[in-house]
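This text opens with one protein chain seen in two forms, each one given by itself as structure tokens under the names structure 1 and structure 2.
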Structure 1
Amino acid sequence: MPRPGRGGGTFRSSQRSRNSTAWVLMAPALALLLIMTIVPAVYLLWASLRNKTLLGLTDRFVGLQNYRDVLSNPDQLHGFARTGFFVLAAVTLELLLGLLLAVPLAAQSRSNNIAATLLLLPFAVTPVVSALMFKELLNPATGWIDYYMGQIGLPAHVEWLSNPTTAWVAIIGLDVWQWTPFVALILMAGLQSLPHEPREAAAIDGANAWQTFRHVSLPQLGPFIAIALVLRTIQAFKTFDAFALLTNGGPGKSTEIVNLQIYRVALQSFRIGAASATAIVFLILLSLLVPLLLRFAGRNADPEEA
């Protein structure tokens, strides 16, 4: 924001020197991010054009062959589709449940203080640990979930992780368990920050609780929903631990998402060229999607001082 009453030659030269100070201050952060994001991306681009393997048997320029393989391999394409399905299902459920939990949580009271604290617990659990605990709880022979489901008359001895549908239920359930608290707390903070007046005005005009919520609070909550949506979508695309440890892509390949495919092709079969092509396709898809999300969020978020 230009400040009035400034200008003139001395200011301009001091501004230039301050600009270079800023670059100096930025340098370490930029270097770190370049090394860990741009350099890997360039490497992948280069490797994706070669049939490189880690065992060093082949390392030859093959043009776009790896990309042709990725795009014509139904397994790979299914991997992308599964990733999209997972992100869509998990984030949608988390937003809906988060909103349902945020409404009763937003009222200020001592019991809600305890509730908010308890709510955050799953979020604090190391993802590796929560995946392992879910796996043991779902064990059809010794798990608690199966035993207590049988006790209350629900179908017992469900082979949760041996059937594609129940495996998806388990893995989306795990993600919802871990991340709904995060969404709920963002929306709770949002609800608590809303001004009272519009709701009071709506009540005076005879709106019922649902109408007030639907037409007054929900639109005002827009920026917070947008933040939760964007952050959760980005995080969900990065999910690895839960899939690696709970289902390991199984049964068969029914929960094998792109992250798991890249890991397996690169670090278990050591086909670097092939994995790089998949990774580049994934990066391109994400870099098309994320700006769209950010623009959507930006439209809903407060104009931000930058």
Structure 2
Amino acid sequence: MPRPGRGGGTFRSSQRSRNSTAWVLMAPALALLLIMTIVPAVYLLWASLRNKTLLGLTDRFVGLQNYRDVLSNPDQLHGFARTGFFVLAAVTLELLLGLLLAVPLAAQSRSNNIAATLLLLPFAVTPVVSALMFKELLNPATGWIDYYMGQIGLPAHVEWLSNPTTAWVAIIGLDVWQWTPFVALILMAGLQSLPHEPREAAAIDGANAWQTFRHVSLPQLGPFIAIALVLRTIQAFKTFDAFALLTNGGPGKSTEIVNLQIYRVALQSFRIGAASATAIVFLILLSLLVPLLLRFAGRNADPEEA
């Protein structure tokens, strides 16, 4: 008969062997993750503490001076404010319009399936192509938008990108056009997954369509709204292409957001240290905001915890 402890030792040895194999298999992915994320983050933090330039003319330790410059520079603070305004305006409109599109498209039919497929087209176009297309459409001399505005009696030859107000309308309009279908598809899938029994009970109790949606469907849709809100907010903070190609921060600096400021300081002024400090401050703000959004999403995903 085998000794009592021998089987346990064999099991532990086999377990250690499997664990070693798992670590060996994960090692390439972990190394790539380290190279692509941890190393750049450490370099960014190191550069933010130095007066470093791409040309190599200066490179000395300055401590927190770059951070003090960021937090005391009115242009930088206005860039953070403009970024927040863009995210708030764009994401709010996308959630509202996405919900308006999702409600009629949630019903299963052939026409709705075709419409849902067409909704993927703006989302499938790359941001650079979308920005270039919008820039041509908004051209006051040859663009379609001004032409058709004139045809229906509205002001024609509007200089969309030369006025701060209309420039913001153009940028937010581009973002809404491209990302509203993404929100609509999430909410449409949520509506299609909701149970029918609560709505049937509401109809038996005499509730009309609006009352059923307001008091039954919309609360149940909370987790999907939260998911769309979190994903779109994070993505909106990363927007760069539309601003760079449509307005390049103009007219003046009226549409210059943080991402564009970092690009200018790093790759036009070559001040890597100052750009790194701005990026770190921006990362800290996002690190404070994202957990709040995730907590909001989790609370809506589990209403009993609310």
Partner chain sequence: MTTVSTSPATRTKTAHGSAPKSRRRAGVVIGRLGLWAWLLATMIPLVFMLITSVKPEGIARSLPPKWLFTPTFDNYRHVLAGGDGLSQGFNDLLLHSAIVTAGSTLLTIVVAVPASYALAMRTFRQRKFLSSWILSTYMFPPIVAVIPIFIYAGKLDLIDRYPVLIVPYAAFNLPIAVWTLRAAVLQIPYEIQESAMVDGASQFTILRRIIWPLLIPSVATAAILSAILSWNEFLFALSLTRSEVKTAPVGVQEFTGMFGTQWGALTAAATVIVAPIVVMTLVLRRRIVSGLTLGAVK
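C-alpha atoms forming the largest set that superposes within 1.5 Å between two forms make up the rigid core. When a residue number appears, read it as a position in the sequence of structure 1, where counting begins at 1. Note that the structure is a prediction, hence the values are computed from the model and not measured.
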| message | Quick check on the two chains I just loaded: which one is the form predicted in complex with the partner chain, 1 or 2? | response | 1
| Taking the rigid core as reference, does residue 284 move its C-alpha 2 Å or further between structure 1 and structure 2? | no
| field | C-alpha positional change at residue 25 between structure 1 and structure 2 - rigid core reference, Å | value | 4.3
| field | Angstrom shift of the Cα atom of residue 34 between structure 1 and structure 2 (superposition on rigid core) | value | 2.6
